Ligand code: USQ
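One chain comes next, on its own, written as structure tokens: the form predicted on its own.
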Amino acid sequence: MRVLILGGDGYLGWSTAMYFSRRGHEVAVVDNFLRRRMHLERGTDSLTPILSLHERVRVWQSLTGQNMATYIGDLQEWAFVERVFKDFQPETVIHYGEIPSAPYSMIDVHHAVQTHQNNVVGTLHVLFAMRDYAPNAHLVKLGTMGEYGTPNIDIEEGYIEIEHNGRKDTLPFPKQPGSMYHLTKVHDSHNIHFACRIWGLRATDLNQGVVYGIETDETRLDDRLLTRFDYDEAFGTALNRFCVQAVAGIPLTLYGKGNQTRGYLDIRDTLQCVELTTLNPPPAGKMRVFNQFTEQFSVTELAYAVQKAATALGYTVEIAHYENPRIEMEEHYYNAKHTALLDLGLKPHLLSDTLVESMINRVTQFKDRIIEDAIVPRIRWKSGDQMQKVQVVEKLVPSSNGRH
């Protein structure tokens, strides 16, 4: 197939580009390098050293003989999006091309507006380009489990059957986003749903959990093909942050009580999920929703898992509860359905099998690149003032029997 990957220079985008190229698809990547520029703004960087997109493509071609087309430009520019779709004529559009950070979107009004404009306008341009130039293509859009929030009922896969005043209907599952970023994903979902209903497009919204992992089968070919690994407060996940803190000798930063529970999956499973989705498209006029994760963990469970794995490698790891900079429920019910991708053939990798080999050892390899000041949380949800000092509420030190 002709596969167009939006955000192809990013963590998932570059990994997906190599994955599909290696399987014989004609791949084109689109990017405007916004993630790299946002790191320059924040004074942060990927833990893994990453080449420029053009250097990556040259290395990939030299190692595999497979070429990738590159389009450098902004999805907010309609003329650029129109040219890409006219030129490449995609059969599948894999859309990662958005600002992916809840904290970044909550810094201030300017970052909130930037996140909305980039994400919502870019996706609207993609939908119009599909309508006009690739109406039979399949949009595989990266959503987020964060659209749902933490309702006190089971989370279905995108839709829920409602009975009200004696009548029934199947409607999109209610959304309770927890940040301006997650709100943009909700807007995207509504716009995609509209485009499928009105224009007869086909799309799959992948409501993904938190992705972890540094290595894929393709990155193992050569370290010059490494994808990025973010651990800073704006773009890093809790698990990435914990692994870096464990190696750097910094107490793991548990926000609040640490009972916040979310879905997680290995980056290799993201690639599996996207491939299974692409090879099994929905009919025209339908927006399908898959909840894309393999395991659920609380933040505390993640911290203990990292502590155990790092301790086995000789590190001494402390855990500290920090004042939570976010506004979120810390005691909540969480049970999300995620059977559709398993039914299509997903074979999950588990965190317990990945943590040491694929993450902590790799973090150790690049520990000289750790920017310690970038890890501590300063961006607050409740006010525009960034935290000047992080309050440590409680520090937990492991005893000889592993208990705290």
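Just so we're clear, the structure is a prediction, and the values are computed from it rather than from any experiment. Throughout, we count residues from 1 along the sequence that is shown.
The same protein also exists as the form predicted in complex with the ligand; that form is not shown, yet it is the one meant from here on.
The contact residue chosen from N291, S189, T92, N324 relative to the ligand in the predicted bound form is N324, the criterion being a non-hydrogen atom within 4.5 angstroms. Of the residues given (T278, Q272, Q260, T216), Q260 alone sits with a heavy atom within 4.5 Å of the ligand in the predicted bound form.
At the 4.5 Å threshold, heavy atoms of T237 reach the ligand in the predicted bound form. Contact annotation for Y255: at least one heavy atom lies within 4.5 Å of the ligand in the predicted bound form. Taking non-hydrogen atoms only, G158 never approaches the ligand to within 4.5 angstroms in the predicted bound form. Shown alone here, Q208 lies within 4.5 Å of the ligand in the predicted bound form, counting heavy atoms only.
Here the marked residues G146, H182 and R241 all reach the ligand in the predicted bound form, each with a heavy atom within 4.5 angstroms.
Of the stretches 163 to 171, 128 to 136, 307 to 315, 94 to 102, only 94 to 102 has residues with a heavy atom within 4.5 Å of the ligand in the predicted bound form.
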